[in-house]
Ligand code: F6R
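Below, in C-alpha cells: the form predicted alone, a single chain.
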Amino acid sequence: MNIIDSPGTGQTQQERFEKTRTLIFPDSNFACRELAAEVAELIRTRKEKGKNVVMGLATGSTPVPFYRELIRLHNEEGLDFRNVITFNLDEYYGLTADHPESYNRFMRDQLFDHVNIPNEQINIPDGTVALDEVYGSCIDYEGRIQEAGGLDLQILGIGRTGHIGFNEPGSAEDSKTRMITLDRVTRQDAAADFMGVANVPRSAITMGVGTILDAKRLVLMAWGENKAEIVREAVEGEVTDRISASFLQTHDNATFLVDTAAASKLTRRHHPWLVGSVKWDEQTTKRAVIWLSQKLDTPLLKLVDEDYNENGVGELLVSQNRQAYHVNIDVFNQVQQTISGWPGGKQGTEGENRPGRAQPFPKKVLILSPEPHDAFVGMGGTIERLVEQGHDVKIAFQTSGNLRVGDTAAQQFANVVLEMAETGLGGDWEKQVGYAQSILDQLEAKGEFGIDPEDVRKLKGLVLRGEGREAGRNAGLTPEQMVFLDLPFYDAGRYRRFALKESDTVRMFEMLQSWKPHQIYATGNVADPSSLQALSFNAFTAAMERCADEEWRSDCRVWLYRGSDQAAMEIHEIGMAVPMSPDQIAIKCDAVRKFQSIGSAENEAAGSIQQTATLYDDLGMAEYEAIEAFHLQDA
C-alpha cells in the first residue's frame, strides 16, 4: 500500500463521499508501521542519490507510535537519519526548550534523542523569543524551510476543532508561520498535560495552513472515536477555514490515515447502504432502521415502505422480502429489550429476554475506572442501582489521576494544615507544619509550568483519592468496596507519553484473580490508543487473556461504558440501557461534584445521559429522564 506518494484519491464506489484519500487500518500501530516503512524507503533512496529528506513533524499523542517505529527501524535495521532535515509544526509560546510540556522537549523524548539526526538539522519554532521579535522569527522559519528545498513530507494530526498545527478556526488557506491565540477547546484538551486549564499557555507559534499545503506530500493521522466526527467533516464536508484540516482536500497528494474507531463516522462505515450493497444481517438492519427513523424524525413503528425506498434503504426490504411494518416491529423490539432497570439481572426472570442475566444472584460486580471520576461520569447512576439491588460491588480506580489535579488543591491542603497549627488546638504540629511548608515551597519553586516533585504529586493523588471515596459513598459504596490499583505506567509517565509495562498487566491480573467477578464494567475501548483510558483498558484486556482458562472467566460478562471525554454510544451500539429518574440523576451529579480538584463535570454527566433518553423517546420508546448506556463486549 502506497501511502506517501499516491496522487489523486483513486476512489472506489464506497469512498465517493470522501474528498481526500483516506486509508483505514485495524489500529494505529499497523498504520504507523506501514507509514514508517515508506518513510524509511524514502530516506534510503534519497541517501543513495546524495540528497536530503525534509520532513515536517507533528507532536501530541497521535504520532507517538509512528516515532516509536522509526526508532525501532534505526536500532534494529540500521536506518540512518543523517540525511533528514526536520521542521516541527508548532510550539507553545512562553515555554523554554527544557519545559516538560514544550514540543521541543517532547520531540527529543519521543524521537530526536533516539536517532541520529544531526542537531543542526532539527528545526522547532522558538517559543521564548521576545514578543516584538516574533514576526521576524516566523519569517526566518519560513526562510529556513525554503533554503532546505521545501517540505517533502508533512506529518499531521488533527485537533477536536479540526486544526492542523495550531491553525485554529478562522485560519486562512494562505496563512504562514505566525503566533496564534489558542482556542478554548484546544486549551481544555491540553489541561491534563498542564495540570489544569489555567496553566495552559494561551498562545503558540505555528506553521500556517499555506506553509503546510506547500509540502509535496501530506499525511494526516487520527486515532480513536473522539476524532471520528471531525475526521468526517474534514474529509467529506466543505472546505472551510472553520476546519483547517479541510484544506487538505485542495492538495493533490494528501492522505488521511485513520484507525477503525476514527473512521466510524465516514459514510462508507457509518451508513454503508448509501454507497453500495451491504449484507443485511441483524445488526446492520437495526443500525439502518434506527438511522432512517432519526433522519426522518419519525418513530420506528411509523416508518413505511416509501420511507425506505426514498432514502436509500429500499434494498433492505427487497433482500428480506418483507414490508416495512414487519421490519419496524423487529427493530422496535430489539431496542425496547435493551431497556432494563436491573443491570445486574433480576431474580425470577430466567428465560426472559433481558440484557442482564438473572443468575447468579447476587453477582460479584467489578467496576473499572481509569481515573477516579470516569466511572461516576459514565455510570454513576448504575453504580447506585447495583448497590441498591443487593449485588456485591467493588470499584477499582486504576490510576490515581493526580496529573489532573491543579496546584490550588495542594496549596489549599497545605494552608489548612498551617492554619490548624496556628490555632493551637493542642498536640505537636512541628512535623505537619514542616510538611505543609515544604509542599508550598516546592510548588513555588516549580513555577506555573514546572513538573510536580514526587511529594507534590503524591499529595495530589491523596486529594483525588479522598474525592473518589466521597463519590463512592454518595453512590452507596463503603470504603471496603473501593480499591486503588495505582497502575505503575501512570506514576512513571505523563499524559501523551504513557507506556504500558508487564507490571501493569500483572497488577490487573492479581485483582481479577482475587475477586473473580461475574460482571465487569470497563471503558477505554474506543479511546485514543495513547490515552490513559485506552492504556488502562489494554492492561485489563491483557489480564483477562491470562485468565482465559480460569473457571470464573467463562461465567463473567464484560459491559463497556463511556467515561469522561468520550463520545456517547449511538443507539444501535447499546446492548443495555439503564433508565434514570430525576432523583437518580441528582445522586449521580452529586457524586461527580465531589471531584472539585479537577473541576466539576456534573453538567457533562447529566447532559449525555439525558440526550440518550431523548433519542430513545424519539424512536417511540417510553419516555425516561435519562439513560446510561452499555455495550456487551464480544466473548
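On a predicted model such as this, the values are computed, not experimentally measured, just so you know. Numbers follow the displayed sequence, beginning with 1.
Absent from the display: the form predicted in complex with ligand F6R. The rest refers to it.
Proximity to ligand F6R in the model of the complex, defined as a heavy atom within 4.5 Å, holds among 562, 227, 460, 385 only for 227. Note on the partner interface in the model of the complex: the residue among 89, 475, 539, 327 having a heavy atom within 4.5 angstroms of ligand F6R is 89. Only one of 61-69, 48-56, 570-578, 584-592 lies within 4.5 Å of ligand F6R in the model of the complex by heavy atoms, and it is 61-69. At the 4.5 Å threshold, heavy atoms of residue 157 reach ligand F6R in the model of the complex. Looking at residue 103, you'd find a heavy atom of it within 4.5 angstroms of ligand F6R in the model of the complex. None of the heavy atoms of residue 518 is located within 4.5 Å of ligand F6R in the model of the complex. Ligand F6R is not drawn, but in the model of the complex it has a heavy atom within 4.5 Å of residue 496. Along 141-173, a non-hydrogen atom within 4.5 Å of ligand F6R in the model of the complex is carried by 157, 158, 159, 163, 164, 165, 166, in order along the sequence.
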